[in-house]
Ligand code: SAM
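One chain follows as structure tokens, the form predicted alone.
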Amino acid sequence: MKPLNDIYGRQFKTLRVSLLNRCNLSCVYCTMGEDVAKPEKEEPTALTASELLTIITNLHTLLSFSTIRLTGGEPLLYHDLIPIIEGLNKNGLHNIKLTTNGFLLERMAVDLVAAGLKSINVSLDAIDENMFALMSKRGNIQRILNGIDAAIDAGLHVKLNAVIMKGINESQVLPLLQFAFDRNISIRFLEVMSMGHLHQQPKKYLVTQQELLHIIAQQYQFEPCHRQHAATANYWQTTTGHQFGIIANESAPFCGDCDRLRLDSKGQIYGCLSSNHPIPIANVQQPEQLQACLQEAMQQKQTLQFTGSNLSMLDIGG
């Protein structure tokens, strides 16, 4: 069977798996702040760990993934998260990463490492307690800070992700940098994405890459780093030896060499966040049929500019 490439030479090498579509925070850029924490049971349409592992393994057989990233919603709420990580390792997928809001991380970090998790991204949009509550509609930021420290102590490679919104949390950029640098971990600032309820107003809250650099330059001197192939972030290194990144999907899009495929909790794939047309593969068994579905997903990829969609990040993962 021929390798799956498009006319730009892109392939699917990274799989992002949304394990469930519920969360224990209600961040304003994702949900408009409504409460999305549901009762402690999985959504009835969510796939089991066994079903997800079968789909991922079938995809890996065709695509030879280099990285698997587990997302949500909030993946630490998924009751079979540990078996999923163990199963991926057993099936030869060892470069496993996870994106979390960190609220349950302190009590789970050691078990995640034991299961085979290598790397974790923690979403943290503020250090100040009041600003954190404004962004997430949840209190007790110390619980997340403790989780970050627990993950570092457990041996996970930790990065921080911070969505910066104009008129709301720009004041947190420098304190977040200091927090990350104090722990010798990398931080990435994200331009707000035109997804879900923000699809028709992407510029209203946009703090661009250049504006972020201007804020950081008030306190640090830095030089750009070479961008790696298919990387989502541009990176800079400070004269103090620390590193930070910016995911500039609006002002400096990286669609041209994107290698990501997305699988949601219902067994549907997306070739791009800008598409809200899912391709169901949960019941696709034959490699030829699966290849055809992947080719359809490849056609969804953007070429120059991220356009966004009405799809909620809660459903497809960050």
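Not measured: the values here are computed from a predicted model. Residue positions are given as counts along the sequence shown, with the first one as 1.
Here the subject shifts to the form predicted together with ligand SAM, a form of this protein not shown in this document.
So which of 187-195, 229-237, 204-212, 171-179 is the stretch with heavy atoms within 4.5 Å of ligand SAM in the model of the complex?
Only one stretch passes the 4.5 Å heavy-atom test: 187-195.
Tell me, yes or no, whether Tyr29 is in contact with ligand SAM in the model of the complex, where a contact means a heavy atom of each within 4.5 Å.
Contact check for Tyr29: yes, within 4.5 Å of ligand SAM in the model of the complex.
Might Gly73 be said to contact ligand SAM in the model of the complex, defining contact as any heavy atom within 4.5 Å?
Yes - in the model of the complex, heavy atoms of Gly73 and ligand SAM come within 4.5 Å of each other.
Partner proximity in the model of the complex: Val163 to ligand SAM, non-hydrogen atom cutoff 4.5 Å
Answer yes; at least one heavy atom of Val163 falls within 4.5 Å of ligand SAM in the model of the complex.
Any non-hydrogen atom of Cys23 within 4.5 angstroms of ligand SAM in the model of the complex:
Yes, Cys23 is a contact residue.
Within 4.5 Å of ligand SAM in the model of the complex - does that hold for a heavy atom of every one of Thr100, Ser123 and Met313?
All of them do, each having a heavy atom within 4.5 Å of the partner.
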